[in-house]
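Below you will find one chain, with nothing else, as structure tokens; this is the form predicted alone, and questions on how it binds or moves follow later.
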Amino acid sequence: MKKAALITGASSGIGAATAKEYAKNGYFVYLMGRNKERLQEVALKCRNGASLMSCDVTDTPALNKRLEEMLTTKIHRIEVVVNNAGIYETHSIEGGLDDVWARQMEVNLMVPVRIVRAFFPYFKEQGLGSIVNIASTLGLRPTGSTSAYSASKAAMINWTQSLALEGGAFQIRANCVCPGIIDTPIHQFHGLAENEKAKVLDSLRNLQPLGRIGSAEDVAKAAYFLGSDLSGWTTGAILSVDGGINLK
């Protein structure tokens, strides 16, 4: 069977770039996201084939149905899960009400937990599996006004290492990518008018030792490396892809 990878949040940004990177390297890709039209656009660029798994990942029954479809059909050998879907919200301490925390913990942590929980028996049975969690440098070094998001990503980092410890006996690897500032729709500046966006990007470049903010493709290459056989003896790794910003 052809090897395959599941990519969540695959309709845009890092998820779309990661899907294309895996497809470029011979994987069939399962594209999970809410926007079916955008998933179709991504699928057209995946030359080794793609299947659309359109659903709201916070709708647990719908998510479970999609996961069951993948795990029981067995048309392809799913070797990699990339947990990329996430949300980013800023807030003050006083403004970080329960719903803000619940929303970010649900999408950024609990959805990946549910997906991996469903895949673990499958990976055990086939004797291999690779989990790549997309966290954030904010999970390593938080800033003000990001407490819920940063906490959710710190939890993801810690959980990744627990997965690596438990999964190692079954040849299940788990690794984590921590992107820095990436030009994707998750950031508010992405939707600004071009002249305003250019000003913001200029200011952000000054924060980076490498002199630019990241692209979705920068993260996708790291996610491919950690998911594929290229990193076959790597598990529990936390890889910052951040232009060096966390060194400042």
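Note that the structure is a prediction, hence the values are computed from the model and not measured. Counting begins at 1, following the sequence as shown.
Omitted here: the form predicted in complex with a small molecule. The next part is about that form.
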Should residue 153 be counted as a contact of the small molecule in the predicted complex, where contact means heavy atoms within 4.5 Å? yes
Heavy atom of residue 38 within 4.5 Å of the small molecule in the predicted complex: yes
Counting only non-hydrogen atoms and a 4.5 angstroms cut-off, does residue 199 reach the small molecule in the predicted complex? no
With the partner left out of view, is residue 149 within 4.5 angstroms of the small molecule in the predicted complex by any non-hydrogen atom? yes
The small molecule isn't shown here, but in the predicted complex, which of 27 to 35, 200 to 208, 44 to 52, 65 to 73 has heavy atoms within 4.5 Å of it? 27 to 35
Within 4.5 Å of the small molecule in the predicted complex, all of 132, 167 and 239 (non-hydrogen atom): no
Between the options 140, 118, 100, 107, which residue brings a heavy atom to within 4.5 Å of the small molecule in the predicted complex? 107
